[in-house]
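Here you'll find one protein chain in two forms, each presented separately as structure tokens under the names structure 1 and structure 2.
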Structure 1
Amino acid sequence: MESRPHDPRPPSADQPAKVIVRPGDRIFSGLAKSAGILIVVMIAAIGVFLLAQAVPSLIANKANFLFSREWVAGDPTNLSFGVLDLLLVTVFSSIFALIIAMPISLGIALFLTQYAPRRLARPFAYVIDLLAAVPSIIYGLWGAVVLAPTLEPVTGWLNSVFGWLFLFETGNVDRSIGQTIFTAGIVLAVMLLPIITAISREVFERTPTMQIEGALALGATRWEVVRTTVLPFGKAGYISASMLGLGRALGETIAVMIILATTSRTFGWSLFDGGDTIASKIARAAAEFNDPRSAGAYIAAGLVLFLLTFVVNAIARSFIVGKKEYE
């Protein structure tokens, strides 16, 4: 190392050193700041454009947008569309998927953090993450081509034994082909597993060791350790993860579009119904977006979906905001 010329004068504390802002600093922080401003402005602008396009169609709409069940948007001079049926199918199928996925993901997250041998926990977690890497169109194909026929005996049994319950009534599409909300919900549930598991796992891993060791010292079995320390600590994170999963399920497009059979009959709260979710309806009509008025109808539906996912995600976040122990 080359020694620098020594300056004998010590730096004086009295004179405040002049702060030098270098041009490089100014440019770089300016760039960073403008990137940030860019995305905020971009999202705001896009929101405005969307509204601007939805409003004329909503004004021209002859049906009640929120409470009508019919959807006629092909003819721009005669628009008559309502989002109710689409909204109900969207929420119904997503909640069905969530009900299946929640307990299983809880089990997986506990298995990976508390039960699996240390050495295997990582590769096992990797396997679960692989589920998230599969594109949704492949899930859709698998669901429609392979899973749906396999489920036929199960749905037949449910239909004949529990047919008195509205959930298992004979639906508005042919159950034997399996293009029903039941199949779609199961496929959605599989797609939710890695999402809910990944977040829950992270939270469960942060359970304070002191609490776990304390419970062990009191003679708790492994399950009692989980019940008394891991679950109370991770509950908020688990619920938040599930809500995020719900948000994902609400917006899932192509898998649902491939699996569900369209029908002109209205939705009747049966798992063996067909129909369309908001997302799948938009995707199905994508090729016909030729007139701005017709497209506006779908954009209005898209806005409803956007609001729905926004609210669900906000609720999800509210569970973990301000929780110091999760940070």
Structure 2
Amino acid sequence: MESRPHDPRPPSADQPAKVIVRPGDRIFSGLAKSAGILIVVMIAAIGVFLLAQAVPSLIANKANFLFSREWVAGDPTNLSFGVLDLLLVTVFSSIFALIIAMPISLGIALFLTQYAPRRLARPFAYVIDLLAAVPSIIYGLWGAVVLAPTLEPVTGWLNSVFGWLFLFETGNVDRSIGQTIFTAGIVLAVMLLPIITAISREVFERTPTMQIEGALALGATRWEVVRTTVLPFGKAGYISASMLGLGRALGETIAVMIILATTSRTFGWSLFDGGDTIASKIARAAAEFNDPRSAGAYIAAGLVLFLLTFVVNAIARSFIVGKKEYE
């Protein structure tokens, strides 16, 4: 039987080339898919656990869980708790921290990538990254012992001059001790700096060199290059980094628990208020989880925080997808 001669011509469009999948590729693809599925399953399992533990307490709750500011969860036979005050303090302090951290992180990232010489940019970036390695309890102690007394003259001036504005009016705790949202927000902002700066720096460094050199060749100044080339290219990454930092601030526990003073008075939208975030409230009461229904009240609050992080990530994702479609 005669064998056909080998045809050296490349396959036509009607006969595409056969892709050879190697065993290593199959193994890697399977591991990657398994890892992705495992993460989704773990997140779903956490959500189901929180919901299952929270439902009995929510059924026994005598107050409106979402809109009540009352929190009485110590007696399992008389549960009356609402998450509104905790949610407001959590969101308010986190957004205040983000407002401080975002412009500072942007300036640091642009300086390191566009202005600083290489011999200075690299060690300076290492110092910023090291802030992420500092434990939360150190930040909390620093904020309560060092930062709060230092800020007292500033907070006193803001309260006396801008006290007519709700943000700087007299709060529900003694402002002079410094255990307020103002102090906690500044500490949270410092904690967010390495996260937002590191991601923004990586994004800005990937701005196409041809676009930068083209703008410089047309006579653009360094700031014009940043404004017309670097910032538009890295905007989505910068927003993503900020949303990641917001998620970090929403879930911060130990530092906020140390700094914020507890109070029985309701939150009044002042930076000089005290109170508890959802995470710090759970941490303060962790030693008292001696009854499933009492613990379920705090788990229900944790479920709200769990869902809140999903909302933040969804907003960030929709912004990035919308920007890509616009481009």
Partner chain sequence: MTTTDLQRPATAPAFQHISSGRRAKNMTATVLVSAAFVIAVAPLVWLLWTVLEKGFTHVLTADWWQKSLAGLTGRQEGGGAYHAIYGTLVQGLICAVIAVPIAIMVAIYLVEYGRDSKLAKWITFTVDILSGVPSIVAALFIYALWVTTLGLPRSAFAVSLSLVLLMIPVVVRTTEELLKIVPDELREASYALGIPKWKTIVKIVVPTALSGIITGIMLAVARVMGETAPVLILVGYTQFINYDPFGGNMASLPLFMNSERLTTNEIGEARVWGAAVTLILIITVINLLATVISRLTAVKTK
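Rigid core here is just the name for the largest C-alpha set that superposes within 1.5 Å across the two forms. Start at 1 and count along the sequence of structure 1; that gives the residue numbers used here. Note that the coordinates shown come from a computational prediction; the quantities given were computed from them, not determined experimentally.
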- Message: Does the form predicted on its own correspond to structure 1 or to structure 2?
- Response: 2
- Message: Once the core is superposed between the two structures, does Ile37 show a C-alpha displacement of at least 2 Å?
- Response: yes
- Superpose on C-alpha atoms and tell me the smaller rigid part's rotation against the larger one between the two structures, in °. 16
- Query: For Asn313, what C-alpha shift in Å is seen between the two structures once the core is overlaid?
  - Reply: 2.3
